[in-house]
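The chain below stands alone and is given in structure tokens; this is the form predicted alone.
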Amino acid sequence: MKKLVGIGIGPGDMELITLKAYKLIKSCETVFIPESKGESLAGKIANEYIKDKKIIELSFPMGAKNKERYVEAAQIINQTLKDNETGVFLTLGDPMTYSTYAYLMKELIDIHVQTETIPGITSYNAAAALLGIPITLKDESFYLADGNIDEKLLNSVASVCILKVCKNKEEIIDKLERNGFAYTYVKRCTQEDQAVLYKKEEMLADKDYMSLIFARRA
């Protein structure tokens, strides 16, 4: 039976790829990587590990409705892999956290391609470590959001991380301030061009898609 392993390769630092993920990448023949606008950050991060592999790029434009692309990508994977062959699909962060892979996995299961998932370090885990700020402590709750936040939920949590904040940062920051949160902006976490911003005006001026805001109650 054909098999695809979804592998989380972390937020950017190639040394944050887990040992299990590394071994699977090195043992397989075919590597599938997501690309958008002709670039693959996942491929760039894992470049040293996949140089000798057969590499298949699958296109998933950021922000696009990709239902048909997931179906098409699943068919490409099915047609590429030989019977009893195992391939890997590399994804940023963790495969089960706001990931293209989660949608692709469903389509693969529907056409009877076996799947397995190897977890990875998320950007918010890495950002918390970078900032030296706990994600949660005893008896606390944590809120992870994608691009926006529900202000009602803020009342019940001690910390929050908002991913992909490039579109509506001002609205997000206003909600955090109204609800008593201290916040920090991190872009390209663990990558070569990583930056941490503390001033509101600098956060609002930055346009990087690979950005997040991490906040805790002041």
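Start at 1 and count along the sequence shown; that's the residue number. What you see is a predicted model; the values in this text were computed from it and never measured.
There is also a form predicted together with a small molecule; it is not shown, and the following applies to it.
Residue-level contacts in the model of the complex: of Val157, Cys28, Leu163, Leu176, one residue has a heavy atom within 4.5 Å of the small molecule, and it is Leu163. The single contact residue among Ile50, Val186, Leu58, Ile172, judged by any heavy atom lying within 4.5 Å of the small molecule in the model of the complex, is Val186. Residues of just one listed stretch (111-119, 92-100, 133-141, 67-75) have heavy atoms within 4.5 Å of the small molecule in the model of the complex: 92-100. The small molecule in the model of the complex is approached by Gln191, whose closest heavy atom lies within 4.5 angstroms of it. In the model of the complex, the small molecule stays beyond 4.5 Å of every heavy atom belonging to Tyr22. Contact annotation for Val5: none of its heavy atoms lies within 4.5 Å of the small molecule in the model of the complex. The small molecule is not drawn, but in the model of the complex it has no heavy atom within 4.5 Å of Met203.
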